[in-house]
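Presented below, as structure tokens, is a lone chain in the form predicted alone.
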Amino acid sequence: MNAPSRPSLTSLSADALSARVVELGGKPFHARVARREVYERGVLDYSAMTGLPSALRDALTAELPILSSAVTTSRIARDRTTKLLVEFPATAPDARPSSVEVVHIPPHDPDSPKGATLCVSSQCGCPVGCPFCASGLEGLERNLEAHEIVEQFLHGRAIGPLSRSVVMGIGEPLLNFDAVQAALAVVHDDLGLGARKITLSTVGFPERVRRAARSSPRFQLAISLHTPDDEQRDELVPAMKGVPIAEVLAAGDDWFEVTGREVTYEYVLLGGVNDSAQHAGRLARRLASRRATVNLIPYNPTQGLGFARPDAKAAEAFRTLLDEAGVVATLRWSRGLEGSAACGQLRAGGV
């Protein structure tokens, strides 16, 4: 039987951390010092926090871990993309530890001064059940807590500086929105990553998109569409079965009207399934006159799922058809493919 984990520095509010530091013999301002060291400087070891008294550093080390989680495995692909398996302790006496995968994607040019893009997860497992995505193969285990999402950023930044992030890992962020919103507030205010540098990806639950638009969002929005056809979307995005694409697009329009930020529509190109010229034509008609961009992602193979990746020529032809119809579209070949770190390949518990 597993015991629940102790509180960590990341799991405590500023006031709660201050109270705990005082209990351990420090002053309230020592808590502010510790928070700055962790969030602003990325220091994850109390012994390196020389602005704290040595006795307090020892007490904090013994009584208050900085992180609740740990990186249990790390895999680096040939393109320098790093996939981390991050394990969180059990949250109840009868529970087991949970894991998610986090991906650190450096710039293509190793000499670039830009930081990496970090792909983080919002849930352990995923309830959406897209048949081409490995993340939902075992369903949903549990929602992540806000500090568990923040800790993914801290683990990622330990590899190297970050310039962007995508909440596109495991899980559906809008089904755990309160925790995601709280985490991104910390990332924005304390880690210093701006709202226009973070993109949240959702399958587009209309009422949840509308709620998010009115929440002073600290992120850009991407909606995973994957097809212009209602019947096919019911198959490709089972959690949205019965929700017309028109309603999803209307929610995207509402997002733009409220926030002034364009929506990116994501579309995984599945060879022989949704990548025909006819699909491109119908998608263009759906998006005609909308302020939006389409992000085309050629399918990243996962063994046993039964889908195929279109070749480069077919993928470019699809993009060209959208472009000719006046729809702004980009073609994104995912990084980290041979390390199973690409879009749609991440799994709770790792592989």
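The first residue of the sequence shown is number 1, and the count goes up from there. What you see is a predicted model, and the numbers here were worked out from it, not measured in a lab.
Below: the form predicted together with a small molecule, not depicted.
Of the residues given (165, 264, 202, 82), 202 alone sits with a heavy atom within 4.5 Å of the small molecule in the predicted bound form. Contact with the small molecule in the predicted bound form, defined as a heavy atom within 4.5 Å, holds for exactly one of 217, 228, 106, 169, namely 169. Residues placing heavy atoms within 4.5 Å of the small molecule in the predicted bound form fall in a single listed stretch, namely 125 to 133, out of 146 to 154, 97 to 105, 125 to 133, 250 to 258. Among residues of the shown chain, residue 300 is one whose heavy atoms approach the small molecule to within 4.5 Å in the predicted bound form. Contact annotation: residue 224 falls within 4.5 Å of the small molecule in the predicted bound form, judged by heavy atom distances.
In the predicted bound form, the small molecule sits beyond 4.5 Å of every heavy atom of residue 209. Heavy atoms of residue 86 never reach within 4.5 Å of the small molecule in the predicted bound form, leaving it off the interface.
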